[in-house]
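First comes one chain, alone, set out as structure tokens in the form predicted alone.
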């Protein structure tokens, strides 16, 4: 029962050993007075305090309450807010509470993950992760440092793409989701921003669908995060997505994802391309235009140039179809050489004649026809 689960949360918040707690999201049919709340113990000159930081969507508000009656009253106020999720970390346990559409509580408990002791020097700031390293997601997928860095880099790119005000529900599709750890990371982060989130992950492999569905059930989000087995070009979704993700879809699978995003008129698209064979094969079959022969004379140079040309043409085609596009670094190249990210936001601005002419000149000069162009026809 929800009341029993909230009583457990209250005991953890007021007991010694609390590390950090976050409340976010909203229950079905209700809207909290604040979008997010964070609780953690602090030590001030006047002694130990419970610090409560709430955010109303425009700015955070911080207050430090004394242990005892003041802290109890403040915590009771927070627990009365209709938040959809509570994440509580103590020195012994991590508890994740999610309120279902029926108003019941799904509770996940795990032993606390070892974390570094908090810095005592006020000038020594620890890295601020967009997804708490103690989140139950990392227990399920494995929380090594490299994976945490990749997830954090992805979420920062996602945060930079989306506006401060999001539609609710926010509908998301991850095309070519694979083992879906970035799919789940996106859901956990977006749900923490106080909106209802519906996610569908698509992968051609049935075994991945089964595995990912089991992970969703374990994390208590199977109502909101579902998976289907199928191809990108043929998949049928229960909604038209607002946000399309395609992270490391191989070769022309990235083009298929971008074409579907344009077809769905998605508001935002993030694509991290993987291998680029299509344009490379076309370049191999014909001489380069003068005076650029040296760019494609050697196989390794031709391959690298094909990567740049492919993603440049993808960005240009998205621009011609009403998107504002940025090409940025996804994550440091020490982690993966495939580290570009195409970030696109739909503006519905028609292309200019100069943009159309520039694209046509580039493709005709090099004698290539991008796969995305064929798909968009």
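Residue numbers count along the first chain shown, from 1. If you're wondering where the values come from, they're calculated on a predicted model, not measured in any experiment.
The protein also exists as the form predicted together with a small molecule; that form is not presented, and the subsequent description refers to it.
*Of 250-258, 99-107, 291-299, 192-200, which is the one stretch near the small molecule in the predicted bound form, taking non-hydrogen atoms within 4.5 angstroms as near?*
Single hit among the candidates: 250-258.
*Note which of 186, 137, 172, 177 lies within 4.5 Å of the small molecule in the predicted bound form, where distance is taken over heavy atoms; exactly one does.*
Checking each option against the small molecule in the predicted bound form, the one that comes within 4.5 Å is 177.
*Only one of 149, 304, 205, 218 has a non-hydrogen atom within 4.5 angstroms of the small molecule in the predicted bound form; which is it?*
Filtering the options by heavy-atom distance leaves 205.
*According to a 4.5 angstroms non-hydrogen atom cut-off, is residue 230 in contact with the small molecule in the predicted bound form?*
Looking in the predicted bound form, residue contacts with the small molecule include residue 230, since a heavy atom lies within 4.5 Å.
*At the 4.5 Å heavy atom threshold, is residue 181 in contact with the small molecule in the predicted bound form?*
Although the small molecule is absent here, residue 181 would touch it in the predicted bound form, with heavy atoms inside 4.5 Å.
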